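Given as structure tokens, the chain that follows is alone and in the form predicted alone.
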């Protein structure tokens, strides 16, 4: 995906200042953004409300459910495990970072989040439409190959029978 066009990002952070900052940075990058202030609300949007997202960015330290706990729930769910999750925190704790990456986080970003951080996020987004397009291209090439092969075999048989 060369840009963020039409990518949908779910931002989970209990800090309204950080939510607004990340939302602005993502919108500047042409993302569709949904913001919530807790892991429980994020799970409700994904499950009950059926929200479809390409990426979840969550704060690590939040009351109720931490970003790490949200990550574990997402990765254990057969329905949501394919969604990329990026953890962010204002604390640079190596053990915390390692634990999140081992659990399946795509990246760990230090706050305050910068535009350069947001630009890196496109590497973690997978759009189904691109995959579907590639799938159909392969099918068309395969059909074209079979048609060409059939024509070639017909031509060879015709030449052999003509002699």
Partner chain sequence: MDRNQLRRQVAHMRSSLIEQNYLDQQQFVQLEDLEDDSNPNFVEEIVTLFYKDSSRLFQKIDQALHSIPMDFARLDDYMHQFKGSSSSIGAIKVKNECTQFKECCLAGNAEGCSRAFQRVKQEHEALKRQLETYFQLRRQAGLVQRS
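Residue numbers count along the first chain shown, from 1. Being a predicted model, the structure only gives us computed values, none of them experimental.
From this point on, the text means the form predicted together with the partner chain, which you will not see here.
Please determine whether each residue of 18, 21 and 115 possesses a non-hydrogen atom within 4.5 angstroms of the partner chain in the predicted bound form.
Verified in the predicted bound form; spot residues all in contact, yes.
28, 40, 51, 101: which sits within 4.5 Å of the partner chain in the predicted bound form by any heavy atom?
Among 28, 40, 51, 101, a heavy atom within 4.5 Å of the partner chain in the predicted bound form occurs only for 28.
Have a look at 43 to 51, 65 to 73, 105 to 113, 30 to 38 and name the one stretch with heavy atoms inside 4.5 Å of the partner chain in the predicted bound form.
That would be 105 to 113.
I'd like to know whether residue 123 contacts the partner chain in the predicted bound form, with contact meaning heavy atoms within 4.5 angstroms.
Residue 123: no, not in contact with the partner chain in the predicted bound form.
Applying a 4.5 Å heavy atom distance criterion, does residue 77 contact the partner chain in the predicted bound form?
The answer is no: residue 77 has no heavy atom within 4.5 Å of the partner chain.
Judged by heavy atom distances of 4.5 Å or less, which residues of 73 to 91 approach the partner chain in the predicted bound form?
Residues within 4.5 Å: 90, 91.
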